[in-house]
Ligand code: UDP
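Here's a solo chain for you in structure tokens, the form predicted alone.
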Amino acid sequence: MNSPQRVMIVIGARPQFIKAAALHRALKNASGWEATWVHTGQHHDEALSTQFFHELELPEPQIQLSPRSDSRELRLGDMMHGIREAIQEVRPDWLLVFGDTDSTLAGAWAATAEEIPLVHVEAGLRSHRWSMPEEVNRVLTDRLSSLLVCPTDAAVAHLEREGISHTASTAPHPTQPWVLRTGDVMHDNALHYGAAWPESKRGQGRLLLTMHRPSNVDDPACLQAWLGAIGAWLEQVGHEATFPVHPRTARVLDAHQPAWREALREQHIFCTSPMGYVALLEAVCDAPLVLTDSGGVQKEAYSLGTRCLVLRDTTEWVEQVERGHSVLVSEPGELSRLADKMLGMGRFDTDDLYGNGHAAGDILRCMNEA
């Protein structure tokens, strides 16, 4: 009888918990796998961690790290050290990371140091902005990976332009990587949960607004400019927006405008605490339009047929922009015109841009073949 393949799965931030849910479902339906879950502690509070484990029925991590929060550098070093110790204890056949967070890079470094094949789920994405920590994390992780799992053809093309292409080697390795185009595990999740919501309900609720990126929220003047433009447009068109406020955004608002919740309500922006994953998906589904700077919410909007204003001047999900399902809004002065245009276009039918909803199973099959 063959021994099970041992995979160590590194998670630590909200988007990774969501992506991990699709993989967990695939693991439950597959045989011959033994999974060790490592939580890096990057997001450890109830709103950004614990509730997602309960809601998505993720297993309790066997290994829980507690990195220092004094600085990004200390936190990253603690996570690298902790994951490396976990590898030394378990000796997995694979280490798997998701996305572009500091947890992703920490896992990639630890796997490389211990000579464990690295699987990068969501490989090949590029914003071409080195000022974004996420861009640095994803590029370095791709360079260290043995199996690069790409959600789109554009991601595969980015890797090819950087000299990373699929090889026929019998053992994937960073110098002879396997590049796999599977579709997107977050699309798996959106289709899985969204199947329960009737078509007649979609697009009939409030608009949805999310903002958390440092470039948008860390400067109080910039944040106020965005919120002012959004509020003025909402009043003009007679719509309301739900705004689940990220802790980072709330800290800036608390420091500079103590009565910000009441002020935003007067601008038709209704603030809530951070939403659980399924509740946020349902809000995306109900919204006539989504306004966000989140990469994950952009994709969720696509998967559920809701048009999206991306509050950035670049995006990793370029195909959505090319197809007219999303539009980049580089500064607040552009918002009213572009929001009018997208709201007027209405909902759309999704296709196979991000796969058929079975990306997680395809990843496991590829790992079995290696």
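Keep in mind the model is a prediction, meaning the values are calculated, not measured. So that there is no doubt, residue numbering starts at 1 and follows the sequence shown.
The form predicted in complex with ligand UDP is left out here; the points below concern that form.
Checking 154-162, 296-304, 253-261, 74-82 against ligand UDP in the predicted bound form, the stretch whose residues place heavy atoms within 4.5 Å of it is 296-304.
Contact check at 4.5 Å (heavy atoms) against ligand UDP in the predicted bound form: none of 187, 285 and 347 pass. Site annotation in the predicted bound form: the residue of 231, 276, 205, 174 reaching within 4.5 Å of ligand UDP with a heavy atom is 276. Interface residue remark: residue 213 is counted as part of the site for ligand UDP in the predicted bound form, having a heavy atom within 4.5 Å.
Looking at residue 18, you'd find a heavy atom of it within 4.5 angstroms of ligand UDP in the predicted bound form. Interface membership of residue 194, defined by any non-hydrogen atom within 4.5 Å of ligand UDP in the predicted bound form, is ruled out.
Contact annotation: residue 280 falls within 4.5 Å of ligand UDP in the predicted bound form, judged by heavy atom distances.
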